[in-house]
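Just one chain is shown here, as structure tokens, and it is the form predicted alone.
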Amino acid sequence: MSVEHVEKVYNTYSSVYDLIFGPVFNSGREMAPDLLNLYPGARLLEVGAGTGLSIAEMPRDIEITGVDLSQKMLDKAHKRMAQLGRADVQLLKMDATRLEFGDNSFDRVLAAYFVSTVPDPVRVVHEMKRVCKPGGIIVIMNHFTHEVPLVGALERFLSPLFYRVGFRTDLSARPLMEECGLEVDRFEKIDFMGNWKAVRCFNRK
């Protein structure tokens, strides 16, 4: 799953993404502001901002930057921000494996339903950690490999098939956080079945 493949897939999805994934992932997006523990003036980066669905849930007294690899997804996000009157939101086309920000640039970093869509999740999370200030909060909402061994084994077996449509099913949450040196503060279900999880980490550097 190359960066070019991911960009092509999500450019294709852009016209139907909100219709298909808007309702499915809405409960997680509603949780995000609380998990991020936002405060007036906080600088928030959303990695994989897509069409701006998560940004629409955020308060207006913070500074928001959203990045995404797909220009067509960002075009939808620009339209959404215009409709919401969110001229304060900055949206940039960017590869999350090479974030074009200095170290310690943001107080909070969010990746909503994103890290399983990239070829190198470890590198992306390391970049999120790098641009997050010491003591800041990183929130990742995603599908992670099921903790029931049989289900997890099936997900790992099927993952190469899902690569073709733009995401993977073999990503394990806790090993990812440990490899990236992140301290997990909260790890909880988003949906009733637990197919989607929210992970909140403090950036201890």
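Note that the structure is predicted; figures quoted are calculated from it, not measured. The first residue of the sequence shown is number 1, and the count goes up from there.
Unshown form predicted together with a small molecule; subsequent notes refer to it.
Asker: Heavy atoms within 4.5 Å of the small molecule in the predicted bound form: which stretch among 52-60, 132-140, 176-184, 35-43?
Answerer: The contacting stretch is 52-60.
Asker: Can you check whether I64 is within 4.5 Å of the small molecule in the predicted bound form, heavy atom basis?
Answerer: Result no; I64 lies far from the small molecule in the predicted bound form.
Asker: How about V89 - does it come within 4.5 Å of the small molecule in the predicted bound form, if we only consider non-hydrogen atoms?
Answerer: The answer is no: V89 has no heavy atom within 4.5 Å of the small molecule.
Asker: Hey, in the predicted bound form, does V118 get a heavy atom within 4.5 angstroms of the small molecule?
Answerer: Yes, V118 sits close enough to the small molecule in the predicted bound form that at least one of its heavy atoms falls within 4.5 Å.
Asker: Determine whether any heavy atom of M94 comes within 4.5 Å of a heavy atom of the small molecule in the predicted bound form, and answer yes or no.
Answerer: The answer is yes: M94 has a heavy atom within 4.5 Å of the small molecule.
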